[in-house]
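Only one chain is shown below, in structure tokens, and it's the form predicted alone.
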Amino acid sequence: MIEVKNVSYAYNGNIALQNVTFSSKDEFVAVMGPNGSGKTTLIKLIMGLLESEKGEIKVFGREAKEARNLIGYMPQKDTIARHFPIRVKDIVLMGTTKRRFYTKEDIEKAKKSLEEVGLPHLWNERFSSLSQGQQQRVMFARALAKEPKLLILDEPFSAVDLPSRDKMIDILNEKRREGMEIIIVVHNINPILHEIDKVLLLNKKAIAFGSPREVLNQETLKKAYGTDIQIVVCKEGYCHPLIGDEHA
């Protein structure tokens, strides 16, 4: 279970999060909100990379910083040095261990995760030679190679092609069925709207938390984004928000 209770955090006195509370257990949770709403700050707190100034975070019953070995993390695309002269296998192996030397088991885990994302043939290729979609899938494989109990992805579909996105969503659904906890930060929730269990609508405070049907409506979206958001209701009854800012 992931438990976040009354968590607050500020950067140099500027509030990033204020009294945020939610919990999930064996669920696929999407976090969405406008720029500067605290989405990335929240996941860094859950990972124990930041320490909350107020409140409490528990990850599978442990303090956040004590649960890092249980978490697989895929960062935002812009945080990766995409032209660094490194091979695909080296990047994926980074997800398996903190040791300086890799074991046979580490290599097997890395190859398995690369096969899961459909790119085993790129094992020895230079990362910089890959397309953006392939690079994202390699970073996804790195997160999976850890065989985590909790998988956290920060805007994983940014600038990827549709086949890569669909492949990643298929894998997330499979991992969810296997019992993995998943937290995904997205600016466009529509591709996964029918797949997720819960939505956390965030703008420094938790505007709403619940099922997509409960959370995504004009009232709550306006509270989060500060303006009217057009929605399209599909035949299954889900409200699909049409948010113009692709980084929202």
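All residue numbers refer to positions in the sequence shown, first residue = 1. Bear in mind the structure is a predicted one, so any value in this text is a computation, not a measurement.
Keep in mind that the form predicted in complex with a small molecule is not shown, yet the notes after this line are about it.
Q: Have a look at 56-64, 176-184, 218-226, 31-39 and name the one stretch with heavy atoms inside 4.5 Å of the small molecule in the predicted bound form.
A: Contact-bearing stretch, as computed: 31-39.
(Q) Is A16 near the small molecule? Define near as a heavy atom within 4.5 Å, in the predicted bound form. (A) Residue-level check for A16: yes, a contact with the small molecule.
Q. Even though the small molecule is not shown here, does Q76 get within 4.5 Å of it in the predicted bound form, heavy atoms only?
A. The answer is yes: Q76 has a heavy atom within 4.5 Å of the small molecule.
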